[in-house]
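Let's start with one chain on its own, the form predicted on its own, as structure tokens.
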């Protein structure tokens, strides 16, 4: 195992403490568990706060929410949804257009902890990068799902969608779903680093398109303080989005504007120099190193 694989985030832990260096990871897990708890409260405990699944739900008997990709597949399949489904889809699209479409991937999707665990194990075992299909592959899968829906008159992707299968499995019994989850875990661990979410999943591709002009963004505002430790690249599920903001020349925006960014916040967590922060797409200011850099304590004098 390489030294780098063992030391990712250690400087941040030394400066911020363990919780500070895992703040957004912990918040994401709380968010994912919170959404799941809302859905399971009804079937498990009779507390019907939310009825349905991530594909379509009704909150407190009033607020409809519809997966816009399911809605789009329904349209191309020739089925005009009810008004509540239309309203629900518009609400979800508006929310993720503001927050960043792939925020869904890192803060809501139940498959995300599986792929995060696979990436952690991949790094711990110091495995090679593996097979890396083009990132555009997920756009082709998205197009194929819509075409198949149009031809068959069905919501085609939902038949095999691991997100829907896992969510329903948690609610009503896993069955074969365990095999699907295990396959994704092994694929990301042994065959392709960040393979499922980063290269194949059409849901992520769709939400990336929805949030391409979103307001909430991560900024490498203090990039002058970067010490090239590369920890942000090690933990980022879409590491190619970092360089334009972090390594940009004078005059280049420090904002991560690529729609592939999941707004997971892990780059913020693991950076001991506090280079990254959440902001909005209209804030392209840069900070001087002295504004953010705090010298590490000398272990000989601590």
Partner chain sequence: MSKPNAPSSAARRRFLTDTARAVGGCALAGTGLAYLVQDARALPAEALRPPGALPEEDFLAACIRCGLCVRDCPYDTLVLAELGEDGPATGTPYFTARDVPCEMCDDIPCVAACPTGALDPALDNIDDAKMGIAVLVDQENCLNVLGLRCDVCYRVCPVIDEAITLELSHNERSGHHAIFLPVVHADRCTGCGMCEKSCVLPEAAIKVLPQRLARAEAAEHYRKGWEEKDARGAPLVDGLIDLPDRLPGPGTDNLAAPGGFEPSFKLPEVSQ
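Owing to the predicted nature of the structure, the values given are computational and were not obtained by experimental measurement. Residue numbers count along the first chain shown, from 1.
Unshown form predicted in complex with the partner chain; subsequent notes refer to it.
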Would you mind picking out the stretch of 190-198, 220-228, 173-181, 90-98 that comes within 4.5 angstroms of the partner chain in the predicted bound form, counting non-hydrogen atoms?
173-181
Taking heavy atoms and a 4.5 Å cut-off, does residue 120 contact the partner chain in the predicted bound form?
no
Using the partner position in the predicted bound form, report whether residue 239 sits within 4.5 Å of the partner chain, counting heavy atoms only.
no
Contact between residue 160 and the partner chain in the predicted bound form at 4.5 Å, heavy atoms?
yes
Taking the shortest heavy atom distance, is residue 57 within 4.5 Å of the partner chain in the predicted bound form?
yes
Of 210, 165, 232, 111, the one that lies within 4.5 Å of the partner chain in the predicted bound form (heavy atoms)
165
Looking in the predicted bound form, is the partner chain within 4.5 Å of a heavy atom from each of 206, 256 and 272?
no
Only counting heavy atoms and a 4.5 Å limit, does any residue of 135-156 reach the partner chain in the predicted bound form, and if so which ones?
137, 140, 141, 144, 145, 148, 152, 153, 154, 155, 156
